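Below sits a lone chain in structure tokens, taken as the form predicted on its own.
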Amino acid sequence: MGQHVVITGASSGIGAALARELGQRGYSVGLLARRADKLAELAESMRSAGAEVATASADVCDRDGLLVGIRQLEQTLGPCTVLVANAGIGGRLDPTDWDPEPNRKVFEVNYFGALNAVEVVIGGMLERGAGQLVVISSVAATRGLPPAGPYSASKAAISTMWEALRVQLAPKGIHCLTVHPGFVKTPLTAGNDFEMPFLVPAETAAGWIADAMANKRRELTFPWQMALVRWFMKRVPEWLFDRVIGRRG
């Protein structure tokens, strides 16, 4: 049986770039996102390059709709052997104008959206005793980075959950990979109003992620400069973290 990867949030950014990369590597690629028109454009370009592709329009926050979408992809391409939970949104918090609803939405997409997708495919993977679950988290998961507290918190939550899943599922033949990108040139980061050090193209990021998947890595942080930053952020004491991050804004 060939490899059938389902990618959520596949219409643009890392998701679209990874879809192209995996299609070139021989995967059958199931594209899933809300924007059907963007999926159709991507699928057409991938098919012209020789890839086997199917699309389904669904919102990862809609459990029933997501179930229908992934089942539709499996009917066309076969059982999902790899899931890439990529769908995500940004989120900021102004403590002087507190509004919990946007913060809930960030968690609904970035955390529960990933778990909703796992819910659909995990049963089949357990029956087959094989599979791969990949989540696109962020370097921002390492510490709480204001003003993007909701985003940092949601990514920290999904990274921690994936770590637990990795340990639980390894004996059952299911491999888990957590990806912590630094700044990647995507529509999501295009709206950032601050300097983004070590910014990498989405296509470069996709190649690194695909390599990590093939090599059954447990964790990937990129680029290497951000891997060093993440290592430092984990170890810096609170007083120094507060001083440095406070100065930056």
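These figures come from a predicted structure and were not determined experimentally. Start at 1 and count along the sequence shown; that's the residue number.
Unshown form predicted in complex with a small molecule; subsequent notes refer to it.
Colleague: Though the small molecule is not shown, can you say which of D59, E52, E219, E203 has a heavy atom within 4.5 Å of it in the predicted bound form?
Modeller: Checked against the cut-off, the match is D59.
Colleague: Please tell me whether the candidate spot formed by A10, R35 and S137 is one where all three residues come within 4.5 Å of the small molecule in the predicted bound form (heavy atoms).
Modeller: Every listed residue reaches the small molecule in the predicted bound form, so yes.
Colleague: So, in the predicted bound form, is S45 in contact with the small molecule at a 4.5 angstroms heavy atom limit?
Modeller: S45 lies outside the contact set for the small molecule.
Colleague: Contact between L188 and the small molecule in the predicted bound form at 4.5 Å, heavy atoms?
Modeller: Close contact exists here: in the predicted bound form, L188 approaches the small molecule to within 4.5 Å, heavy atoms only.
Colleague: If you check in the predicted bound form, is L22 within 4.5 Å of the small molecule, heavy atoms only?
Modeller: L22: no, not in contact with the small molecule in the predicted bound form.
Colleague: Find out whether any non-hydrogen atom of I70 is located within 4.5 angstroms of the small molecule in the predicted bound form, and reply yes or no.
Modeller: Heavy-atom contact with the small molecule at 4.5 Å: absent for I70.
Colleague: Just to confirm the contact call: exactly one of 151-159, 120-128, 96-104, 166-174 touches the small molecule in the predicted bound form at a 4.5 Å heavy atom cutoff, so which is it?
Modeller: One stretch meets the cut-off, namely 151-159.
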